[in-house]
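Single chain ahead, written as structure tokens, the form predicted on its own.
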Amino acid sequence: MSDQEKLRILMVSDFFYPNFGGVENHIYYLSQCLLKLGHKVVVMTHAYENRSGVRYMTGGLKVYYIPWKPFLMQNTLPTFYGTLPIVRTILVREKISLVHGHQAFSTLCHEALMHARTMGYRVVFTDHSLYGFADVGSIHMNKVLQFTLADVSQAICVSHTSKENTVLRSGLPPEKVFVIPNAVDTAMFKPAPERLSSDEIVIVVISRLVYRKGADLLVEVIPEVCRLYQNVRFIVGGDGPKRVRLEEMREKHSLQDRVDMLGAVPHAKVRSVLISGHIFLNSSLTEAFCIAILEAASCGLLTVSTRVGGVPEVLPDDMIVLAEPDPSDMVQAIKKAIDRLPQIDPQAMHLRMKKLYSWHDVAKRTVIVYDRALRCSGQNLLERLSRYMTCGAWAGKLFCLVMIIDFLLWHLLQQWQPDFDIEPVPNIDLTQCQHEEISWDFNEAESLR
């Protein structure tokens, strides 16, 4: 790949390692594949406890942990303009050609995209979640998203359901939104070498124990399934405010020997938990795309999940049993899954997942979106302000004021420290510095060059 074709991408989100979750995994694996394709990738996130400054990860992935502490749910405190100097410095020092923000709930993402557009950079946004339209929090979040996406070059959603949700919430033209699903590292999530005995059926739950993930449904489903099947045992991995309810349920029904509560499970140990079970249970009340389902299927588990959001798009019908988010319907779905277990071949399921979902394919499709974003025509401030005015009678004027102030502050920074006074980072090839942080198929990655 020639230097002219190489892109220099800045990934921005409040959610990144050492925190674990779907967004964190998506950014990490996508960045690794983009590096293998010859592009340069830099990640910007906030500081985590004592992790601050510049760090390098597998494959030479450079991460800026800027000195901003999380304020609420791993999000930084909104400052509007406080991040402008450091965002500008990183963009200039790293000679960034495109900025890619992740997650609508990330404050740092919204601010970085705003500053990048002020400075004339092309920006891409990926939405990983579904939001409603009626509650106060969703109304506020949707207006913020409308502000950010009013001037975005292109957008990506992880499912068709997520695309419809994002278009309705933000008013973004559908032709600007692409659907690129998540993927799974099948080299890391492999089935057990030997097939498990069917004398005891183990149902695995690995999830944050919060309302959105359907922890309250589990409180009603688990006792009923244990009553119907004496040979069924549950393994529950995860932590959260709803863990107390599950502990109380276990005590109330005397299920201490049939429901194992593991607490928080490190991502490196998720496979070891999955391969000890036959069925994976997902009880989410809302889900744009559930990576946990992919990980379970890659390990050869039959999935039972609520029919919400983008979940029906994730797996073929013979690999998943869907149910309404209702306890009785979920119990019936588990019954169907138990009856179907003899037909499940974990190794065959793993091979199918390897063909269906690949991070290398996700990276190549994302590069196509990047190329389309870079071909978008540049707009001056007045043309951009006209787009913000369409966001509402009062909100539009407020958004315009915010962008005008951001534009003036950027020019003040240009006068105080011109771009040529900011020393660029030298190009250092760190792709040979591999660590044991991730299992990786190097031969397949090299074939994509």
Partner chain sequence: MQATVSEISSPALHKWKKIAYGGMQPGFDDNHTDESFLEAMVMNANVVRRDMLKVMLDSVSISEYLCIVALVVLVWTYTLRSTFSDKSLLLLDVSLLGSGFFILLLTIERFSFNLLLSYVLKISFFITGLYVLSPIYHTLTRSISSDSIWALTASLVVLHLFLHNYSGFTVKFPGAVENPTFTSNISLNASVVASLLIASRLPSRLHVFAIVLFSLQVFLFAPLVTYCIKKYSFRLHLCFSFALMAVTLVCVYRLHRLLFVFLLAVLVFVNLLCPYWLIRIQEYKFEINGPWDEAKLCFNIAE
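Numbering follows the first chain given and starts at 1. Predicted model, so just to flag it, every value in this text is computed and none were measured.
Not pictured, yet referred to below: the form predicted in complex with its partner chain.
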item: Three-residue site Gly237, Gly277 and Asp345 fully in contact with its partner chain in the predicted bound form at 4.5 Å by heavy atom; value: no
item: The single option of Phe189, Tyr121, Phe178, Phe147 touching its partner chain in the predicted bound form, heavy atom within 4.5 Å; value: Phe178
item: Option touching its partner chain, based on a heavy atom within 4.5 Å in the predicted bound form, out of Arg117, Arg352, Arg243, Arg233; value: Arg352
item: Close approach of Pro78 to its partner chain in the predicted bound form, 4.5 Å, heavy atom; value: no
item: Leu228 within 4.5 Å of its partner chain in the predicted bound form, heavy atoms; value: no
item: Contact flag, Tyr370 vs its partner chain in the predicted bound form, heavy atom cut 4.5 Å; value: no
item: 4.5 Å heavy atom contact, Lys269 to its partner chain in the predicted bound form; value: no
item: Segment that reaches its partner chain in the predicted bound form - one of 284-292, 336-344, 261-269, 80-88, heavy atoms within 4.5 Å; value: 284-292
item: Stretch 349-375 - residues with a heavy atom within 4.5 Å of its partner chain in the predicted bound form; value: Arg352, Lys355, Leu356, Tyr357, Ser358, Asp361, Arg365, Ile368, Arg372
